[in-house]
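The chain below stands alone, shown as C-alpha cells; this is the form predicted alone.
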Amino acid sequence: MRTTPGGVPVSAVDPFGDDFLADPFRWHGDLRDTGPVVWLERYGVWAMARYAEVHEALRDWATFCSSAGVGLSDFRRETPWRPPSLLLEADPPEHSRARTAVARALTPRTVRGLRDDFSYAAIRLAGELAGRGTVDGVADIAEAFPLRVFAEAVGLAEPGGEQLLAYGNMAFNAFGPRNELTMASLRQAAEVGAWIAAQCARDALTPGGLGARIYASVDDGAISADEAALLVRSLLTAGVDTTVIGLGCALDCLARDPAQWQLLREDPTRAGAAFEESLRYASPVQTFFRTTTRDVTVGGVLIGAGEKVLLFLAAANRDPRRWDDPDRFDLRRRANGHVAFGFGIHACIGAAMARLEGEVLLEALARRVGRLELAGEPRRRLNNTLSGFASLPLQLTPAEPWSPGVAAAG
C-alpha cells in the first residue's frame, strides 16, 4: 500500500467503475482496513469507510458541509445540472427553513394517517402476486408499490412512473463523475426535468396531499413558491427511487435466506425490523460526498479546507468495529444506528415514509406468501450512488389457506 508524503494511505480503487458498482461490498473491507482516512488518487479526494468517522462527518455539518454539493462536483466551481436541493445540498440557515417546511407537511401524525391506505394497497398487491408464481421483484413489487401509494400521497395528478424512475436514476448518477452512467441518464434530462417541474407546480397537485401541505408554508411566508416546488421535487426524489431500491434489496435478502423468511412468516410483525436490517445490510444509498469548510484532523490525518470527502455509507454499515458479524443478514439484529438514511440534519426526509412502505409491504407478503425464492439470476442495476437490482426473478408460493377470491377481498 502506497502512502502520500504525509503518510496517508493511497488507494487506486475506482468507486464509480463498473466492477466496483457491480459488487461494492467486495471492496469495502480493504478500504476500512487501509485506515480511517484514505486518499483516492483517481479522483483526488479523501475517503472514509469506517463507521465512527462516517457517522461523525455526517453529524458535523458545519465542518463537512453539503452546500458545495454531495457529489463529486464542487458547486462553488461548477454549475450543477439542476437547481440544488434545498434539503440535500444546502446548509443552515437555508436548510433549516426548508426542512421545517417539509417537517410541517410530513409530521409523524401525517405518516401514521397514511398507514391504513398503504396497508390496504400492500395487502391487495400481495394477494394479486401470491397466486401468480413467478414475478419480477423489481417491476412487480419494488417499483409497483411505491409508484402506486407514494405518488398518490404526494398528490401527483399523473402517476408518471417511468419519468419518476428516470429522474431518480439521473439525480443519483449525477453525484458521481461524468462517466457513461451519468451521461447516458442525463440524455433524458430536458424531457424528464420538464415533466417533473410541471408536476411540482402548485396547481398540478391534488388538494390535501403532501405536496399541497408543503405549499401551505408559502401562504405563511416561510418559503417562496419557487422553494416549495424544489421541496416537492426533493420529496419525489427521496421517496421513490431510494425506496424502490430498498424494497428490492429487502426481497433479495429474504429470498436468499429461507430461515430468515421463515422467521418473518412466523411473526409478520417483524417486518419493520426486517426492512431495517436490509437497509443496514444492503445500503441502497452507498455513498455521499461532503466538503470541508476548515482544516480538520480525522484519525490523525489533516484534511485541508475546501476538500471533497467521499463517505462510504455502505462500508460503515458493515464495519465490524460497530457491528457483530456484520456480513450476515439477521432480522433479529438491532440495526438501529445504521447510516443508510444518512444522519444528522441532512438525514433523508423521506425515511419515515420509506420505513412505512417497507414495513407494510413485507408484512403483507409474509402473510400471503408461504415460500419466497429466487427464480433466476438477479440483474444488477448500476448507478453511481445507488446499489440495487434492475430485475429480481422470484418464485412465490402462496400461503395456506389461500384462494384468488380471498386475496381479492383482502
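Start at 1 and count along the sequence shown; that's the residue number. If you're wondering where the values come from, they're calculated on a predicted model, not measured in any experiment.
Not on display, but discussed next: the form predicted in complex with a small molecule.
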The single option of Ile123, Ala101, Ala238, Val149 touching the small molecule in the model of the complex, heavy atom within 4.5 Å: Ala238
In the model of the complex, the residue from Arg328, Arg256, Arg97, Arg82 that sits within 4.5 Å of the small molecule by heavy atoms: Arg82
Exercise: Leu88 in contact with the small molecule in the model of the complex, heavy atom 4.5 Å: yes
4.5 Å heavy atom contact, Phe118 to the small molecule in the model of the complex: no
The small molecule contact at Phe172 in the model of the complex, heavy atom, 4.5 Å: yes
Phe288, heavy atom within 4.5 angstroms of the small molecule in the model of the complex: yes
Partner-facing stretch of 319 to 327, 219 to 227, 172 to 180, 108 to 116, counted where any non-hydrogen atom is within 4.5 angstroms of the small molecule in the model of the complex: 172 to 180
